[in-house]
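As a starting point, one isolated chain is supplied in structure tokens, in the form predicted alone.
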């Protein structure tokens, strides 16, 4: 299949909010966006705050829903429901390494149960005609190249249109370096488009991983929260264009928090405001001290007040000049 962009925003629980998606598309609307990781069970049962989690907005152009779960029929029904919103596609989570997820047999735990994983993909394939993908880790408690290729082949045979690989095994969570050689292995072995994900924090790094692996796209997660402009730089670098930019760090920080307030209900402001601030505060020198203060607050207004006060005390940090490859 042909992707509308080489670059993808990763689905991340409590992070890939409409607020972040709007910030990113204001820099570059070509990026393939994802929802937060959504519980298939909650979607099917009409769970609390589903409307705001599954809503699509005018800036959600190339938009994919990610669902997680362990029951094939529930996952399939979630596919049917979400397909009615007209997304670009549906992504199945087989990579989440969080313990409470894996204890339920969801996320990366599906890598241990190939038959159940196959039933889920097969049921979802029957439920939607949209492009269907799987986001997976390279293993559960170790990297096994033969097992990875076999599992990916099963996904292909059951109807997945492409695979997103985060090349760390699940037990590592986010420690050690992602093994991009496994992305190359999958691309050369499985006969499907492969999107690589993991440790991308600059446009230069994204293009380098794509060149060395031959993958069909690069997905960026935490690096895109810290640098919502990274996709603009990626597309410019891929085309050999100049893209030296000046970023209004203060303005973007406050805008991100205001968008959370605008697009999400009040009971989600604290969790989403804290998550965004944790990553975006990495753009300032005293990030730890500012975030330590922000995480004590519950309202977006209080968080914005702390951000504004920081930049009043540190006016030299208001703006950041960046080269097109992502370096300061």
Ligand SMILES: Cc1cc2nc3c(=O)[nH]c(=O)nc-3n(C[C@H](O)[C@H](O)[C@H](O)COP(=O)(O)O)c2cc1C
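Numbering follows the first chain given and starts at 1. Everything numeric here is computed off the predicted structure, so don't read it as measured data.
One more form of this protein should be noted, the form predicted together with the named molecule, which is absent from this view; the next part is about it.
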Checking a candidate spot here: are 24, 229 and 281 all in contact with the named molecule in the model of the complex (at least one heavy atom each within 4.5 Å)? no
Quick one: of 199, 143, 158, 77, which gets a non-hydrogen atom within 4.5 angstroms of the named molecule in the model of the complex? 199
Picking from 221, 193, 205, 131, the single residue whose non-hydrogen atoms come within 4.5 angstroms of the named molecule in the model of the complex is 221
Here the chain appears without its partner; judged in the model of the complex, the stretch of 149-157, 246-254, 208-216, 221-229 with heavy atoms within 4.5 Å of the named molecule is 221-229
4.5 angstroms heavy atom contact with the named molecule in the model of the complex for residue 18: no
Looking in the model of the complex, any heavy atom of residue 304 within 4.5 Å of the named molecule? no
Looking at the partner-bound form in the model of the complex, is residue 106 within 4.5 Å of the named molecule by any heavy atom? no
Residue 277: heavy atom within 4.5 Å of the named molecule in the model of the complex? no
The named molecule in the model of the complex - contacting residues of 137-176, heavy atom within 4.5 Å: 166, 174
